[in-house]
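Below, in structure tokens: the form predicted on its own, a single chain.
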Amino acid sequence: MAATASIQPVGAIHLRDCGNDSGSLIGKFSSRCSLKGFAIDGRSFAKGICISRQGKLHVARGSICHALVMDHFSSTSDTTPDNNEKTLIESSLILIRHGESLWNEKNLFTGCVDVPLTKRGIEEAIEAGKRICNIPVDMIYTSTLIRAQMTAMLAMTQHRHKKVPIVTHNENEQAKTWSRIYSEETKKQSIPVIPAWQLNERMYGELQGLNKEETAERYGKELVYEWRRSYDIPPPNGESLEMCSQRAVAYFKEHIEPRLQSGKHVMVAAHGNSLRSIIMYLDKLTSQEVINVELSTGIPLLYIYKEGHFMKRGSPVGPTEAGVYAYTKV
């Protein structure tokens, strides 16, 4: 069992007057909003927060200036600030392993078999949503397997923005055309969900569908443990963790990391081994260290992306004062 991290706030955000040339006061934007996990009353801090012409929320001025891209569904396009605007972009990355599946419950090797959540798995996904309800989400990436997609959808029902997660279909031109949204207002109230097979669970080959305990009795505990926990030894006709890592990390670097670089806040709902692979990349773990990483079902992990670096913030504990995360220590 992995140790439960005790998370405390890591700093405070100091607000200063942005000046009249930065844009309209937040009072024209919203009576209440959340910035980087902090609840902010627009009336109390109206002089400290401004919205620029590019729709970014600026806090403070000078060396500590955060740019938060406002939510919208045109999320596949990057926002480029004016040359005269000095912004420091910090993005949130949420990783969630799917909730308990029907084959988790039966102690079966699941791999790439498409199995839905149990009742407990549904509850875990909803609880995960409560934990991340105040963390901004602009885009969602999932595997193509239903247990990961169910987890993402159920989690977002708890988010304070109440935006609708919509699965994108880019398989062909007809799929793109038929799933097109024509209302700009509806787009603003939606979050794109992008499925990718590269985020699927490790393919367990001939073990898929077998009971884990019975398999250990048949082949021997040591051999089965080697198949499950070694880095580069695959089960019969299956993938090793190394093989899973090659596809998952390549996809993350090509598709997800550029979104974080552009200021998008991203959630990834996937599986134990594909997420272990990504965590290996984020935390710069060795092949020996990653095999000891344990991920519980339905427990979100938060990272902050800033200036090319990923900072682990642990597991959000919920929408309470103790669960607030400052993006930068000031």
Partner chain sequence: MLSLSLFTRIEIDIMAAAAFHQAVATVQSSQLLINSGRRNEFGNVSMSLIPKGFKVNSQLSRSGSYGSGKRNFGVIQASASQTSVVDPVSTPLNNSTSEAKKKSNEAALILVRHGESLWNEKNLFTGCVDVPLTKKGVEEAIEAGKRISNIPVDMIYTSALIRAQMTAMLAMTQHRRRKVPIIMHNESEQARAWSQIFSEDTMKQSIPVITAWQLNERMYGELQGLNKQETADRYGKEQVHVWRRSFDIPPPNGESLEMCAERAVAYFKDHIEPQLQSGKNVMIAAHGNSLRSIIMYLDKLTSQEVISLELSTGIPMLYIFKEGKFMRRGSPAGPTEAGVYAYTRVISSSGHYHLLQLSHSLNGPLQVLK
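Residue numbers count along the first chain shown, from 1. As the structure is a prediction and not an experimental result, all values here were calculated from the model.
Although it is not shown, the form predicted together with the partner chain is what the next lines describe.
The partner is not drawn, yet in the predicted complex one stretch among 91 to 99, 173 to 181, 256 to 264, 227 to 235 has residues with heavy atoms inside 4.5 Å of the partner chain: 173 to 181. In the predicted complex, the partner chain sits within 4.5 Å of a heavy atom belonging to Val167. Although the partner is absent here, Gly209 is a contact residue: one of its heavy atoms lies within 4.5 angstroms of the partner chain in the predicted complex.
Residue contact with the partner chain in the predicted complex: Leu117 places a heavy atom within 4.5 Å of it. The partner chain is not drawn, but in the predicted complex it has no heavy atom within 4.5 Å of Tyr251. Met203 is the sole member of Met203, Ile194, Cys133, Val137 with a non-hydrogen atom within 4.5 Å of the partner chain in the predicted complex. Within 4.5 Å of the partner chain in the predicted complex, a heavy atom is found for all three of Thr144, Gln149 and Met153.
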